[in-house]
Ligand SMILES: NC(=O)c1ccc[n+]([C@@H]2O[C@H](COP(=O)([O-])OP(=O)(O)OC[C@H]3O[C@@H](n4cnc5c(N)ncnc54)[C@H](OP(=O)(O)O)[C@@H]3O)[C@@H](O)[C@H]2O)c1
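Next comes just one chain, in structure tokens: the form predicted on its own.
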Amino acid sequence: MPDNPLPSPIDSSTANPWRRQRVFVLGATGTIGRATVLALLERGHEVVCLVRPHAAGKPSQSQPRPLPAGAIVRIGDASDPASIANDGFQGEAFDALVSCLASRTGASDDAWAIDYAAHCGALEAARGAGVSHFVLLSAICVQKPLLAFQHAKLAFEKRLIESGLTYSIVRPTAFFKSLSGQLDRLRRGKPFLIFGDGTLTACKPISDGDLAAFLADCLSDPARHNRVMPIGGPGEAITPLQQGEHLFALLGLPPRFKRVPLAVLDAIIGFLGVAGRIVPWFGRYAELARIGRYYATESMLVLNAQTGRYDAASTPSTGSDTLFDYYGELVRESKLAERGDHAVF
């Protein structure tokens, strides 16, 4: 524990937003988290990250996944409020907390433990560290909450808004990594899977780097304070059919699509739901199947509350990276997307 006493919380209404800040980061080892840490460091902030031990069962001194040079790494458990306070904040003062933390699967128990409870613990620990600004990475799909993880995210959003802290809640659209999972299928000569005719949904994908820059700039831009902000990447909305067509063109292959009826997903969900009443393990997979169906049928765009329709024109854009440029990079370098713990999404 440091010898210096804890300074008084910073009054965000009078503080200079462009000054160097001391920032505590949760979820730093995910692909978006690492990009956000880098963006914060590039803006001159001091960044402290709480991360899990590198491997389960190892001592707490084990090395975490590498983070950008300059970040201060502390080992702890983000799901434990005491660990956040003692191992993370360590009695020191911070200006802001930026959370890129999210449940790995979206299943109900995982979602309420991480997307809600862990964030509630972080919020209380942040108060004790003098934090005045909380930047939260949420998701645009909470506009139409049908799943457990969406309700958990909304519950914490409400808690944060009512906390009295300055907040910036960022709801991004689809990520590049989550739209790149079929590239390996195509390389192996298999067709691109689509639901319906491939135009049921659309999104304005955003890169990790562009999203990270937006999150980092929430600290210094008063226009992003005390706001809930949907955000997408540059360009027009893209359908799954267009994604597949572009990948085939990059690979120099004739387009081949396999249309999967939604009834197939419904049958799987129904079977797993019934089986889950007997074996709880099946119930967990039923929830994962429901998540898959949601993303197969709902666009990741701003939802017009009056019309009930998704609106690409009303979905704000940011950054310069495009999904098709990202596809080109993966194909040229014969790489697969780093999808991390959230591949299900």
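The first residue of the shown sequence is 1; numbering continues from there. On a predicted model such as this, the values are computed, not experimentally measured, just so you know.
FYI, the form predicted together with the ligand isn't displayed, but the following is about it.
- Contact check for Ala78, Leu101 and Ile114: all three have a heavy atom within 4.5 Å of the ligand in the predicted complex.
- Checked against the ligand in the predicted complex, the candidates Phe134, Phe89, Phe214, Phe149 yield a single residue with a heavy atom inside 4.5 Å, and that residue is Phe149.
- Note on the partner interface in the predicted complex: the residue among Ser180, Gln143, Ser138, Ser83 having a heavy atom within 4.5 angstroms of the ligand is Ser138.
- For Ala174, a non-hydrogen atom is located within 4.5 Å of the ligand in the predicted complex, even though that partner is not displayed.
- Among residues of the shown chain, Thr315 is not one whose heavy atoms approach the ligand to within 4.5 Å in the predicted complex.
- Using a 4.5 Å cutoff between non-hydrogen atoms, Ala28 counts as a contact of the ligand in the predicted complex.
- Not displayed here, the ligand is approached by Arg52 to within 4.5 Å at the level of heavy atoms in the predicted complex.
- Residue heavy atoms within 4.5 Å of the ligand in the predicted complex occur in exactly one stretch of 165-173, 186-194, 234-242, 260-268, and that stretch is 165-173.
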